[in-house]
Structures are given as C-alpha cells and as structure tokens.
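Here you get one chain, nothing else, as structure tokens; it is the form predicted alone.
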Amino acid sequence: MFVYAMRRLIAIVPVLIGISILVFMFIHLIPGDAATILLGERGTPQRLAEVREQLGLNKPWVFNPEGFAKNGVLGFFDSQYFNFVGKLLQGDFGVSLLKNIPVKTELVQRWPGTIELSIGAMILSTFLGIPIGILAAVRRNSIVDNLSMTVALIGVSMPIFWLGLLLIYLFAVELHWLPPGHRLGTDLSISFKPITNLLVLDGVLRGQLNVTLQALQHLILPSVALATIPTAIIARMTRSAMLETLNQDYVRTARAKGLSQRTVVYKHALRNALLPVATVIGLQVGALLGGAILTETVFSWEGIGLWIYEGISTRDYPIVQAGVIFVAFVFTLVNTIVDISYALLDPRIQYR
C-alpha cells in the first residue's frame, strides 16, 4: 500500500502542472490586464508601457525567442509563466500586482476560512445525506422515499448564490436570527487575535468561548448554502448503493438467520455500500471548494473563494494562479486519501 500511496502522491505533480498551464492561459486570454485596471483613465500608452514593464507583463506568456538570442536557453524561458513556476518551486507564489504584498502571506490568512467553511458544509452534507439515503432505500417507493428524492432533486437544481441570498433575507434581514455574512462581528474581528485563523478552534485555544459561538453563528448560513448540492448528491448515491446491496445474497442470508433489521442494514449492508459513497464524498470536496467562490462572495466570507474572485476582477494573475493551484492540490490530495481508504472499508481490496 505504501508504494501505491507514493505513486498516487507523485501523480499529483503533473495534475498541478496542467492546472497551472490552463489557469495561466485562460486568465491571459481575458481582455485587459492589471496595468489597465491599476491606471484606469490615467493610462496613457507611455504610462501603461512603464507599468507593464515594472510588473513583468511585457514579457511573453510562455516562451521568449528574443531572450534566447540574448541569453541562450535561460533567456528562452524568461517568460511570465516560467517565472511563476520557478518561484512556485521555491515556495514563492509571487507578489500581488495591485496590493504589492506577497501572495503567500494572503494565502496563509485566507485558506483557513475556506477550510473551515468546507468542513462545516461537509459535516452537514455527510450527516444529512447518508441517513436520508439509507431511509429512502429501506423504505423504497414509499412517501418517505419519494419526498426525500424530490427534496434532493431540488437541492441539486438550486443555484448556490440564489439560495444564499434567500437565506440572508429570511434569517438575517427578516428574522434577525443569524448574521448575514463575514466570519466574525466587527468588534471581535478587530480585537481578537487568531492563532491558526480557524476561528472556531482559535476561540477554544484562546479560552474565549464567545468567539467560538459567534464564529459558529456566522458559519451556519454559508455552510447550509454550500452543503445543499453535496447533501443531495450523497443522499442519492447512498440510496442507489444501499438498494443494490440490500438485494445481495448475504443480506438475504442475514435476514434468514433472524437478525434484526437494524443489524442487517447498518452492519451488513451499509459497510459494503460505503465504497461508492466514499468516492462521491471525496469528489464533493472539489465541488465545495469550487462552490466556495460563489458562497464566499455572497456572504463576504474571507476565504480563498472570495480572494480568487477579487483576483479575477482585478486581473491580479499571481493571486488567481496561487488560489486555483491550492484548490486543485487540496482536491487531488483528498481524492488520493479516499482511494487509499478503500482498503480500510473493504478488506478484499489490496494495493500493490
């Protein structure tokens, strides 16, 4: 298993390289650049050329034939993309073109917010989706089954940004039960000094339970909005896997032995139905990180998603590239862990 795990971890590298190329090309194909946005109406041709030279935007995208004539092979790779990759291999994500601060500094500050939001949404979707799927499978074609699958279909079809706005209007504007956005209230966000920037955890570590409670209150609405689609998908997959497992011979044998319905469902059927469910849960991590862009924008949540959105809006290339590569790395890493966990869920699976 160790050799298989190492092969899967190494396979992440070409995936990240491919992602970096696609992101670089797509963002450079968008009309305009950071110099145009930075100067605005003051952008005379001469001033635009000066700013582009300062920011390195005057260099070719990928290869530099003129640099090859001057400096040989090194000059040939003196381009925007390879300069970014070279810094990335050194652990340097570059400098924000507009804010003029290291991208790594902002990444360290931002990623805990997205991880906290994704964990909250995944907990909701897993602990709701699996029981709903089990109940629908056990009571197949009943009112419970039809109702739960209808709700799941609505959940898959509902846009996150629209649901987020509805939740804000209902629970924050009308009922005043929950805050409409941000990770903390204005008073605590200024005075509280986080440790890990996972605010729910930091409140416990600092011994300030009021921070933990307020962070949880701010977490509820965006987590519910983000968890809607994964909950529906997990519920439908759990139902499908359970229906297939409940028709197996060993399940009928367990029932013939006089075992209780609870034992048959949870001890014999559910464990064997968890493999496809575990795969779906792993894939939903990517959906959560992707959906976080919309969710964080709607709820003004200080995370990677809002950060990437701001970077796209301002053509801040280093921010977009670093943010997307980080999301891709987390997504591939989680799916690798899910693949390796198959052996724990099913002893019949052996990796070589």
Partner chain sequence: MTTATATPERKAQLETPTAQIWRRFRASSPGKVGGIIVLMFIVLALLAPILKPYDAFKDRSYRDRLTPPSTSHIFGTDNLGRDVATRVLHGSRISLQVGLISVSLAAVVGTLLGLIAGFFRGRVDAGIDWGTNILLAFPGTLLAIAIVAVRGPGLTNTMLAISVTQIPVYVRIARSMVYSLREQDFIHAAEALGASSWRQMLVHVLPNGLSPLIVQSTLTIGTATLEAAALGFLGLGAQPPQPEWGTMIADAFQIGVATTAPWTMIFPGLAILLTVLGFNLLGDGLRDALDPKSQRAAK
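Numbering follows the first chain given and starts at 1. Between two forms, the rigid core is defined as the largest C-alpha subset superposing within 1.5 Å. Keep in mind the model is a prediction, meaning the values are calculated, not measured.
The form predicted in complex with its partner chain is left out here; the points below concern that form.
Checking L135, L243, L201, V251 for any heavy atom within 4.5 Å of its partner chain in the predicted bound form turns up a single hit: L243. For the candidate set K87, H182, R140, K99, a heavy atom within 4.5 Å of its partner chain in the predicted bound form is found for exactly one residue, namely R140.
Put simply, H268 is far from its partner chain in the predicted bound form: not one heavy atom of it is within 4.5 Å.
In the predicted bound form, its partner chain sits beyond 4.5 Å of every heavy atom of R110. When its partner chain is considered in the predicted bound form, R239 lines it closely, a heavy atom lying within 4.5 Å.
Within this chain, V51 is remote from the site of its partner chain in the predicted bound form, having no heavy atom within 4.5 Å. Picking from 214-222, 252-260, 167-175, 122-130 the stretch near its partner chain in the predicted bound form, with a 4.5 Å limit on heavy atoms, gives 167-175.
Of all the residues from 153-181, those having a non-hydrogen atom no more than 4.5 Å from its partner chain in the predicted bound form are L153, I154, V156, S157, M158, P159, F161, W162, L165, L166, I168, Y169, V173.
In this overlay on the rigid core, Y317 has a C-alpha that sits 2 Å or more away from its partner position between this form and the one not shown.
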